[in-house]
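Shown below, as structure tokens, is a lone chain in the form predicted alone; questions about how it binds or moves come after it.
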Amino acid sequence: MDAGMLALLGKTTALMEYLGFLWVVQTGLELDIWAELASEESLEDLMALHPDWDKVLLDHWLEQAYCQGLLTNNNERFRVTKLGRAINKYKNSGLDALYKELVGHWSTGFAKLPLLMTNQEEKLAFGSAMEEELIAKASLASEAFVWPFLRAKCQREKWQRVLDLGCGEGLYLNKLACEFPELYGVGLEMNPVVASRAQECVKESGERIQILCEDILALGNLQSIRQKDDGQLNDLGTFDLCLINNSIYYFTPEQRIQLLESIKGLLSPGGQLGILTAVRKGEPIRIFRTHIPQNLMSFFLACHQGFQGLPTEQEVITLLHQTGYTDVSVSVMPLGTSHYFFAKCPNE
């Protein structure tokens, strides 16, 4: 066997292993098996709990989870390892939505890639499950390393009025309001289901945080909100900070320019714009030395109608300069896939 064939087989075998990990973790999350295996359980114990399940498939699942280092095996009695416990511990921090997105949407989307690349089939469209559940919830997985950065920056900059465009479930606005008692915030979320969850999330902040269901993807929509006779933004004045977290790639290059131009009318002189996004290419410092996560995400987005994938770092910097923002800075978040861009609105 020549070296090329050997390398190809090695890569293919590794791929099978990672796919097995993906399927095993997602199935365990979907069926809540990780919680049941917090204590030692045998195949028979689990079948007693779930008599309608397929015993052969459950047996294979236990075997694969053990092979993947997610379970211990003590005389055919299984229990979660430290890694397995982490799956159950962090499932509500975006992990469950992330795995469901990878298995249910990335896999099926990439399966159509030959037809999409040759224009034999129209590009994909996000369904309600992606829009109402997975996109917003999967983004929570980045909160653990984004929030400490955002909190520290708020302490330094002393923001008091924050606008969050595409606020998702309102996580960052709620955390900012809880951490800084003088802070006032407004979140815009286009999906009514997600906006409803955001309104529930920020209840503890009282009237200091408002969530509005508005379609910020419509060109010129931000200005129209301010001008509506019944629009709540008429009396809110301007903001010290506008956040666009994990959503700039939902806009075409032309829409990005118009959006950033519109935002300048909502910022106080010297106010700041913060754009959090994963980026393509580049050479950021990272814990996991691979471009695969963000480049695959970009590839997946590009398979969909109206998307061109993730921007590069230079594309975001150029966009900010092109639309008149100044003092552009870039901070690479831990893990390296996401960058936080900050820039100031001109004083005029």
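Remember, it's a predicted structure, so these values are computed and weren't measured experimentally. Numbers follow the displayed sequence, beginning with 1.
Note that the form predicted in complex with a small molecule isn't included here; everything after this is about it.
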*Position in contact with the small molecule when the complex is considered in the model of the complex, options F180, W106, F126, Y250, heavy atoms within 4.5 Å*: Y250
*Candidate from V80, A136, A278, L260 lying within 4.5 Å of the small molecule in the model of the complex - any heavy atom*: A136
*Do L188 and the small molecule share at least one heavy atom pair within 4.5 Å in the model of the complex?*
yes
*Taking heavy atoms and a 4.5 Å cut-off, does L173 contact the small molecule in the model of the complex?*
no
*Answer for D240 alone: is it within 4.5 Å of the small molecule in the model of the complex, judged on heavy atom distances?*
no
*asked:* Even though the partner isn't displayed, in the model of the complex is V194 close enough to the small molecule, meaning a heavy atom within 4.5 Å?
replied: yes
*Picking from 203-211, 162-170, 80-88, 148-156, which part of the chain touches the small molecule in the model of the complex when contact means heavy atoms within 4.5 Å?*
162-170
